[in-house]
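The chain that follows stands alone, in the form predicted on its own, written as structure tokens.
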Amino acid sequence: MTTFWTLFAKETLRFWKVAMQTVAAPVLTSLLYLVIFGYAFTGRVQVYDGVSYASFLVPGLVMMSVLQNAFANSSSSLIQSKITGNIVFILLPPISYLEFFAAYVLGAVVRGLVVGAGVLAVTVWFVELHLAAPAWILAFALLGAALLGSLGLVAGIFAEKIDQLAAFQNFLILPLTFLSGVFYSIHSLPAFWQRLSHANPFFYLTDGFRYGFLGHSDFPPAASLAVVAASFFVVSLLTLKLLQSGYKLRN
């Protein structure tokens, strides 16, 4: 367990040492989203009865920040270790692939939750939010961060250069988060796009997380949690298989 805690501490300190870039910057970005979109559409758009658009928007922004930063933590850490060659110092000690996976994913979860808490702390002063179901908030935040931390490991394993990792983030993670219902309810979309949204696992994360605050959702939260848990299970199995084989890490 010593190797696990050492690697986890490395992953945590890695982003905390540059907190202005890894924490403060995404918090500021989310605040700008709230200022621009929230105040532009408040009074003009109402998704749920009795809920302002700004109140609807904040949980989506929090979840988007959690997902993007959890992915960024594990993926950037692994690709930088591969490029600089110091991955050998992580692989040489007697650390199992399970400990490797757990340390990276837990580090990603910590960063995702820290950034999400920061976004919530600076935006909650501008909107009226209630905690309708706190347990759902915690469950979706933890599972979402863990899922994206695992996806970040997959991206970091397959990528050999920074631009390949950037392509993964720009053409997969970013579109899926923006199209997950952060800024809108899928019920406002045509039928075809509603069906397409249900194929996006990030939609269930955003919708279920928002339910924890507002008590409203576009999809049953229990079913959303089941979809997210299944997605995490599948991605975790893939990641563990890649780590066990040493694919693009040991050869």
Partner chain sequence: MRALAGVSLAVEEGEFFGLLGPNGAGKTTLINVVAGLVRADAGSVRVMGADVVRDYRSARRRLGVVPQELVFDPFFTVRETLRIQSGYYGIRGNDAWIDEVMQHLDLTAKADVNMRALSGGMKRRVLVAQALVHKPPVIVLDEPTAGVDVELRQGLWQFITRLNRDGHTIVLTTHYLEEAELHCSRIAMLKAGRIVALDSTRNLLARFGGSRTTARVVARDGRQFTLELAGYGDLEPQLARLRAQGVEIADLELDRPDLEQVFLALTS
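Residue numbers count along the first chain shown, from 1. Worth saying up front: this structure is predicted, and the values here are computed from it rather than measured.
One more form of this protein exists, namely the form predicted together with the partner chain; it is left out here, but the text below deals with it.
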What I'd like checked is whether 14, 88 and 91 together line the partner chain in the predicted complex, meaning each has a non-hydrogen atom within 4.5 Å of it. yes
Taking the shortest heavy atom distance, is residue 164 within 4.5 Å of the partner chain in the predicted complex? no
Find out whether any non-hydrogen atom of residue 97 is located within 4.5 angstroms of the partner chain in the predicted complex, and reply yes or no. yes
Could you tell me if residue 18 has a non-hydrogen atom within 4.5 Å of the partner chain in the predicted complex? yes
Please tell me whether any heavy atom belonging to residue 170 falls inside 4.5 Å of a heavy atom of the partner chain, as the geometry stands in the predicted complex. no
So if I measure heavy atom distances to the partner chain in the predicted complex, which of the stretches 78 to 86, 111 to 119, 126 to 134, 155 to 163 falls within 4.5 Å? 78 to 86
Judged by heavy atom distances of 4.5 Å or less, which residues of 1 to 31 approach the partner chain in the predicted complex? 2, 3, 6, 7, 10, 13, 14, 17, 18
